[in-house]
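The chain below stands alone, shown as structure tokens; this is the form predicted on its own.
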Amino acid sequence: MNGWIPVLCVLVPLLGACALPFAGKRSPKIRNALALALVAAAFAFSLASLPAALAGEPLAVRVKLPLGLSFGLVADALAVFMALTSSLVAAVIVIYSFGYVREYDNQNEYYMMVVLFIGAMMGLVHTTNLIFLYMFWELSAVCCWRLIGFYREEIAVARANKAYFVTVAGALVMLAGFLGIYAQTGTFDLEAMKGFPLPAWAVVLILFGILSKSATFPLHSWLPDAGVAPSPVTSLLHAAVLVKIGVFAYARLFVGTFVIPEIFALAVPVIAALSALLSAGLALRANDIKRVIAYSTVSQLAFILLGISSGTEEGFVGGLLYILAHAVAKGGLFLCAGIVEHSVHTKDITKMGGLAKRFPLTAIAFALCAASVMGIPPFSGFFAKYLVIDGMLAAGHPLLAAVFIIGAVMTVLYLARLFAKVFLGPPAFPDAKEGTSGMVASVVALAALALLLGLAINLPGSLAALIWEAM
């Protein structure tokens, strides 16, 4: 029976999401409670899979299909790590949403797409088959498309379409790579292909899909534009789920399954370095609060990609730890930005100032989350960034390590600028209110978790080291 835990982790949110519109017609409170319960169930099932994953005996289910195909789900250490991270932050985002979207239309679809999004993520991280990985990948794109266009305004729809076309085009190119692999191996099963040497052309095709989903230069522009969506959506896309799919796929495919040509050990970190510096520079110039944080996401994803692709234990463990640290801290930053925007009705930081007096808990939460993203000890972001840079040095690339140190310094500069513009100085909105208790509690919880993860970094660090050993 335990082998069906990963199946339930995937099916409960996927199928449960379909019931949310019907529950919403009956009662918004029932719908909201059900949405939270479905996401919490995904977290609970992931947690239940953890002991077996730690013991090196992951729970798994495999079903043979016609034409030599198969369907499988496995809750190994990497899948459980990603599932726990995504579902935990998503549960906080759902609680935050109760206050944020309560005045808007399309709430039934909103909650359905959020939970379906989590179900797609659970399916993607647990699947053992390239075709099903692609199907869950595309399902996440559909959810992203609907959520970015939530307000249904012309600009929101246009930018939702942009995000959809970029990520779907990337996925189709990636699918071509999968089909090419099938032509050579006769299977889509990852376990059966473990150790298979990929030709360079297949790596390039798959990498195109990964970079488009993880908003890495030069396929990054759709992510800052997605800031037109509600803040809980941007938090979900930028921190908890969507952009982490690409770096997960890199770890699963290029580190844990296939053997790739050595040239990519340098090419991918170079791409990550360019992405980090370019986006950090754009963050320093932007005046839209959500756009600053979005460019920051592009930059920080480059740190994750650098670590995952470093080929060293230090870098890989640091990259995984930064997936967790970034999900928590950047999720908190976007939700803090949502409280501000929701109250003052502008995203222009040049029109803000002094909001710490009106939003003291939000200001504290923002500062703590920003400290983690900056990489200030003892926050979790510090340990993750240190390991990533150390991993690059261990790989024999001191110049790339230096580039990312510069990127880390730029992160401190643009987040300090953002905090000063929004929360310090004379008050620009003396009558602004901080937000609902649920919204404020959500950002405080994520800020506290960002600090707690740093103080207890050995716990996720041990799991990350176990994942590396299993690769």
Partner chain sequence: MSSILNGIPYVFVAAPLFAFILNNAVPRERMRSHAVALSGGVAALQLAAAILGFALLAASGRGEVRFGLFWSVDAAGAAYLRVNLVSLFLLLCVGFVALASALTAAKTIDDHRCSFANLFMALLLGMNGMLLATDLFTLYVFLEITGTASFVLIAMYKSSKGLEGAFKYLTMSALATIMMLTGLALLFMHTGSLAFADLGAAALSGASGEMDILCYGALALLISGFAIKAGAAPFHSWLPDAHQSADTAVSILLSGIVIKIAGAYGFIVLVELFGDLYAVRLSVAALGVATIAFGALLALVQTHFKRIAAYSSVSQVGYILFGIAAGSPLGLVGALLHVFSHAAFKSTLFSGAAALHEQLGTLDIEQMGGLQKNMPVTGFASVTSFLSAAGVPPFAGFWSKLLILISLWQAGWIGLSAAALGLSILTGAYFLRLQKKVFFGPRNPRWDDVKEIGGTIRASQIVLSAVNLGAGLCFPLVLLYLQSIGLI
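Residue numbers count along the first chain shown, from 1. A quick note: this is a predicted structure, and the numbers were derived from the prediction, not measured.
Another form, the form predicted in complex with the partner chain, is not on view; read the next lines as being about it.
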property	result
Partner proximity in the model of the complex: Lys351 to the partner chain, non-hydrogen atom cutoff 4.5 Å	no
Any non-hydrogen atom of Thr187 within 4.5 angstroms of the partner chain in the model of the complex	no
Glu191 within 4.5 Å of the partner chain in the model of the complex, heavy atoms	no
4.5 Å heavy atom contact, Leu65 and the partner chain in the model of the complex	yes
Three-residue site Trp4, Arg31 and Ala41 fully in contact with the partner chain in the model of the complex at 4.5 Å by heavy atom	no
Which of 82 to 90, 258 to 266, 323 to 331, 153 to 161 sits within 4.5 Å of the partner chain in the model of the complex, heavy atom basis	153 to 161
Candidate from Val228, Ile271, Ile95, Leu175 lying within 4.5 Å of the partner chain in the model of the complex - any heavy atom	Leu175
Interface residue in the model of the complex among Leu69, Leu47, Ala428, Ala445, criterion: non-hydrogen atom within 4.5 angstroms of the partner chain	Leu69
Residues of 429 to 468 having any heavy atom within 4.5 Å of the partner chain in the model of the complex, listed in sequence order	none
